[in-house]
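The chain below stands alone and is given as structure tokens, in the form predicted alone.
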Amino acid sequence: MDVFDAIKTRRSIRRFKEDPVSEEDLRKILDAARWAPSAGNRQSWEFVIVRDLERKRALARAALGQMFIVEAPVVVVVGANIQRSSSRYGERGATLYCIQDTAAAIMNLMLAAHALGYGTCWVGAFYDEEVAKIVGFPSHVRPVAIIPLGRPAEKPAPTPRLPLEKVVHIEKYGSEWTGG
């Protein structure tokens, strides 16, 4: 699958088949995540793989009742290691760079999963403290996303996107871009 095709055809999946995720595929997906760029190459991401049904239920409850999380055969909880980033970049590393790093890793993870025929959904609405407790994150690792992963049991239509002319500016904000 070409990268542009992967970007345009990836969807947020909220219904999953029961098919297991092979260890080989999971390794490829996580390896793609760790190849994401990071500030100062600090690689401030942490990944917890969850397969246990009760732990998935607890995550779904902590994610404001998003019970579709339980359906996925694998759930990846992605955390930002604040210490790893702030050790070089101080406050900016703790509040921004580690979040940017994990966001890049999450997108790599989701695109790699899609390329291998899996579906994912970026779940960001949850109670941080509860999720951290469920997966055992220490205080210096902040939960950033819960990513259910499995074979899709649905095929959602693409969602609309704003045209480039609405979001691209030339030289400064507010200038119009005409695509040229």
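The numbering used is simple: start at 1 and walk along the sequence shown. Since we're looking at a predicted model, the values are computed, not measured.
A second form of this protein, the form predicted together with a further copy of the same chain, is not displayed here; the remarks below concern that form.
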For this session: Although a further copy of the same chain is absent from this view, report whether residue 49 comes within 4.5 Å of it in the model of the complex, heavy atoms only.
Result: yes
Problem set entry | Partner contact for residue 88 in the model of the complex: a further copy of the same chain, 4.5 angstroms, heavy atom | no
Exercise. Are any of the heavy atoms in residue 57 no more than 4.5 Å from a heavy atom of a further copy of the same chain in the model of the complex?
Worked result: no
Exercise. Hey, in the model of the complex, is residue 155 touching a further copy of the same chain, heavy atoms inside 4.5 Å?
Worked result: no
Exercise. Which of the residues spanning 104 to 138 lie within 4.5 Å of a further copy of the same chain in the model of the complex, based on heavy atoms?
Worked result: 104, 107, 108, 110, 111, 112, 115, 116, 122, 124, 125, 126, 128, 133, 134, 135, 136, 137, 138
